[in-house]
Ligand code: GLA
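A single chain comes next, written as structure tokens; it is the form predicted on its own.
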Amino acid sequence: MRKVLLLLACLLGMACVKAADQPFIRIGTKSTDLIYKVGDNGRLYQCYLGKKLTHPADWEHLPLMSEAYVTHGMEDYFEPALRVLHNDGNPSLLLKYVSHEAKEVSPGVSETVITLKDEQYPVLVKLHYVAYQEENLLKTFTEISHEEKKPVTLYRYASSMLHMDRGAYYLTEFSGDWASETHMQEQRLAFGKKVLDTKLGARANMFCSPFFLLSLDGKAQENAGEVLVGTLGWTGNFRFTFEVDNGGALRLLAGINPYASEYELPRGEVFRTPDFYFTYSTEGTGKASRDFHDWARKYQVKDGTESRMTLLNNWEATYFDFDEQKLVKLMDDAARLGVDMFLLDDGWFGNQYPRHSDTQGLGDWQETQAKLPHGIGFLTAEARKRGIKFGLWIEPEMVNPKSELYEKHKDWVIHLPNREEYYFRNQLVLDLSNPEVQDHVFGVVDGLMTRYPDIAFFKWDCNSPITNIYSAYLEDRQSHLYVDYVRGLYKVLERIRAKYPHLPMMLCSGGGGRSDYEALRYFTEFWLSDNTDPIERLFIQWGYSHVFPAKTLCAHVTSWNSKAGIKFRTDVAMMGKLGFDIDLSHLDEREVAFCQQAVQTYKALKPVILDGNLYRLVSPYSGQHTSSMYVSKDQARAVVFAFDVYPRYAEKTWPVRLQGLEANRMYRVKEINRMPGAKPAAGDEGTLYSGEYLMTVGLPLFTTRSLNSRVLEVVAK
């Protein structure tokens, strides 16, 4: 025993020496510094987060803020990052600095790992920080492990804890409901806690999106001010806690929602939290968004540097009522439009319980013989004849009680064994904590791809939250379900990506019920909302654009809001990843000709829209007009979208200043994407301006015409 104590003392002494030799730990990008310091008591404290400090000598003047990763049971009075229960019943934990190491992961990417340890219990906590230099983005996550004889229970386990001490804090949340996603609401934080969270499980983001804006000292501005933009990479229950203490300091905690999720961690195993991503901008939310977009395309989104396919979906043209003849006709429409792909949506499967509505068949992934007597292979062949690709809708995590799968494998379903089942959209969720269910869900994709290798795309839906919360597989570990479900989903998606690395997939969840960057490692894009009214989409797309690049935002032209013409609807959809969900027989020849032209215009503009810099010029929240523009990375080309919604009669409109151009460069401005036969407005036929003029004086983009839209191409001379 004395030898063990002597060894422990030596280790602690080494840690103290390291703390004395290297008391500061700097984690930085080209624009931001996050600095920690080891205190005289051996504990780790945050002492700075903000604009990059260029003189290290100044670090000595930085005051210690709160501990880097506050634990429950000690002297802190506010929300902890970590709460554990040891197997002897003791709930305390006191973490001291042991060491840290920094290494280059790849050019421009570095990782710092800080190791903390308790002196009384063999619990180890590693704080990971990954810095993306050029993109000005930081990723942080935590690893928790122990060597106690019995499992340790984790009650809270944050991915990140950040501290700020400023005069005021303004939080913007993105909340809503089905078909009403990402309403932006800003509020000033006062003493106490503001929590953004979800307890829905699978369709976690239905009411609250897992991202936020935090503006310091004043309200958030597009092009000025300090703002932190953050999001969590977790396709399940999340929680962000913003707590202002009695001294006016703010602590920000991000991670899995610990609600009903106590986790027993066995000896030697590592509990890895999800990634928390954030950027710190001193130039407002616009710069923060562009940094997020650059990082996402380069490092996070599946095939983030590749292009995206345009498509025609059958859903609003047929709903569940279709057969081979109708689908082949729609493929003709797709070829006529000039899009890249035809996508077959819900309703193609089930034989004992044919899928004629959302009440049955879900889980039985065989083609309905009455609808598709020749199977999916016939459809992929017909698409190939027309020079287009074929995509397919699936919802493999879910099941209808009226299905063969439910009758054969009720033990695979998340449901309470002694209660009446509650259904959301007439369905239940399969238990992905169970490896057998993981095999089944992987088999849905693998089986279809094996039989029909010409399937070029999947739309992966997930329409129900987790209800009837009980796992037959987990037995006495029910509090693991919310966490292990998501981990099981990732295991499935890893298998799919490993076997089909170039298979693009759309992440769908009744609209924006899933929108996180961990899921987007496996999906090329996501479906923002089932609401495709173009006016509503202006707000929805504006909200998502704060964190996600255009190439991830699926935007379809549909028949919603007949008051808005086909041009207005199409122009709105062209600001994202363009698709159509419409029956061409409902359009006249002029409208069809416009759509054909718009597809070709969009394909020419894709490098600018999908990979360029976004500048949000006029917010839809500011009135009856809105405008955004995309600028190529070399600043040689831009496209400007402008929309008049319901302006007042004889309303005075003002020029809109463009952004992101080179002041000393000359640009030719021309209106494009006009209806056939329509003439451009005066000055929009190819007038030459300097970048300085366009950014200082601006252009008269808006009119007093209701539901009017314009698209301008800006090309350097």
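Start at 1 with the first residue shown and count on from there. In this text the structure is predicted, and so the values were computed from the model without any measurement.
What follows is about the form predicted together with this ligand, which we do not show.
W527 within 4.5 Å of this ligand in the model of the complex, heavy atoms: Residue-level check for W527: yes, a contact with this ligand.
Proximity of G511 to this ligand in the model of the complex, heavy atoms at 4.5 Å: Yes, G511 is a contact residue.
Contact test in the model of the complex: W315 vs this ligand, heavy atoms, 4.5 Å: Taking the distances in the model of the complex, the answer for W315 is yes, it comes within 4.5 Å of this ligand.
Any non-hydrogen atom of K459 within 4.5 angstroms of this ligand in the model of the complex: Although this ligand is absent here, K459 would touch it in the model of the complex, with heavy atoms inside 4.5 Å.
Proximity to this ligand in the model of the complex, single hit among Y170, Y490, F320, Y155 (heavy atom within 4.5 Å): Checked against the cut-off, the match is F320.
Among the candidates K287, R425, H356, R308, the residue which, in the model of the complex, approaches this ligand to within 4.5 Å (heavy atoms): Checked against the cut-off, the match is R425.
One stretch from 465-473, 590-598, 366-374, 503-511 that, in the model of the complex, holds residues within 4.5 Å of this ligand by heavy atom: Partner-contacting stretch among the options: 503-511.
Residues of stretch 332-346 in contact with this ligand in the model of the complex (4.5 Å, non-hydrogen atom): Contacting residues: D345, D346.
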